[in-house]
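In structure tokens, one chain follows: the form predicted alone.
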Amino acid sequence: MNLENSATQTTDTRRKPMGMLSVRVLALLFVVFLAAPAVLGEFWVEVATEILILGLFAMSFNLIYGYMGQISFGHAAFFGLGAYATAMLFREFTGGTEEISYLQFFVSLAAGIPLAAFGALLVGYFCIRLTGIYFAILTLAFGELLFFVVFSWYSFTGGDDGIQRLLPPPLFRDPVMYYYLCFVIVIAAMAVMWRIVHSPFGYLLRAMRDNQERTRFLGINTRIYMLINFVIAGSFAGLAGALWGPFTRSVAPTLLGWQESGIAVFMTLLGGSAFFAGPMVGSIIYTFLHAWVTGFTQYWPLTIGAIILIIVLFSPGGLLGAIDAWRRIRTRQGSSGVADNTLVKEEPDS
């Protein structure tokens, strides 16, 4: 039996709307993000940059949650490893000064990917032996272990002080230019991710998510594919972390903590894990609300908690899930209307 066909047949039909709706949403988001700096002030451009970076982070998490069917509470460890890899190379290249060349800057950004991938390989080697809640708890344990190492290793990571003054080259110190740099990188990363999830490998992940036991009966070593996907997800998280350091001009151990992992979970739930574009939509909602709500109240946790509660209770598929359900209802009503009109017109002829 062909691998792609068998995986596709195993895939649950509830995931089929992932295609066209996500394509339309992605096209709309591309236009909006491309034109955003022309209509937004400096503060909101920085918010849009944060949306892009955290959206990439959330999408990398969804490779594990939405496509592989496992939830990771330690995914921020790879986000933090990518950020620290870039920050430490910054520190080495600048030698205590504030100037870094463009070549050194891009080398530093690229360094976040292999370090995060290596960390994901080590963590994933142990985690893929388990599934469900045990997988989630083990990822949380490894994430907190890496957090403690970074937090305690003052001579190498700076401990709880982190690494400061991560100034990019002069061109990218302009918020608009750094925004477009992140825009290009995130769009390229999303294109690669789209190709992965719509390849035979992506369909195999769906098959494992829906019925791992049946997938094993087909003669597929599910652990190998789970590990590969875990490393891929960690690599994209590392890329997001690499962009985060120069954006905020600093990194800190909290980037590896479980709270940061929770942000990716919240964004994915808000947008809809069944849709490729869902985590990016969730990033828009979460980051925009955070910037807006914290401007006039300190009760941000109460606000996001209430929103998550509403989503879980009334729209478990997230915002895109609600839109898709509404679209399906409209389509059915339209079809019923056409059928009813046809019957009325045909009655006199009979």
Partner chain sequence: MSSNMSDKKWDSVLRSMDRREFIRTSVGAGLAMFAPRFASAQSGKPYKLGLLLPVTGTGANYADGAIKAVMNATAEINSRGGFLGKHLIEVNYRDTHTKPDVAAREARDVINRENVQTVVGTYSSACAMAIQEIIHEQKILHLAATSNSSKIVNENYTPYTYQFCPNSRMQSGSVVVAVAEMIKKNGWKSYATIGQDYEWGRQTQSGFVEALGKASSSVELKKELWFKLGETQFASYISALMAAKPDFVYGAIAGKDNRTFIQQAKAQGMFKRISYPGGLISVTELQQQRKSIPRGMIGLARAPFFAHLDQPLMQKYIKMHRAKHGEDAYPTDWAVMHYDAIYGLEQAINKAGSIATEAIKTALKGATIDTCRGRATFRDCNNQLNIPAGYVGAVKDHPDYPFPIYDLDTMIIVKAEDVWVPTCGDVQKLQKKRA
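All figures in this text were calculated on a predicted structure; none of them were measured in a lab. Residue numbers count along the first chain shown, from 1.
The protein also exists as the form predicted together with its partner chain; that form is not presented, and the subsequent description refers to it.
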{"property": "Contact test, all of Tyr134, Asp210 and Asp324, partner its partner chain in the model of the complex, heavy atom 4.5 Å", "result": "no"}
{"property": "Contact segment among 29 to 37, 284 to 292, 311 to 319, 64 to 72, judged by heavy atoms lying within 4.5 Å of its partner chain in the model of the complex", "result": "284 to 292"}
{"property": "Distance check, Leu167 to its partner chain in the model of the complex, heavy atom within 4.5 Å", "result": "yes"}
{"property": "Touches its partner chain in the model of the complex: Arg223 (any heavy atom, 4.5 Å)", "result": "no"}
{"property": "Any non-hydrogen atom of Arg173 within 4.5 angstroms of its partner chain in the model of the complex", "result": "yes"}
{"property": "Contact of Gln104 with its partner chain in the model of the complex (heavy atom, 4.5 Å)", "result": "no"}
{"property": "The unique member of Ala277, Ile232, Leu255, Ile128 whose heavy atoms fall within 4.5 Å of its partner chain in the model of the complex", "result": "Leu255"}
{"property": "Those residues of 199 to 236 which, in the model of the complex, come within 4.5 Å of its partner chain by heavy atom", "result": "none"}
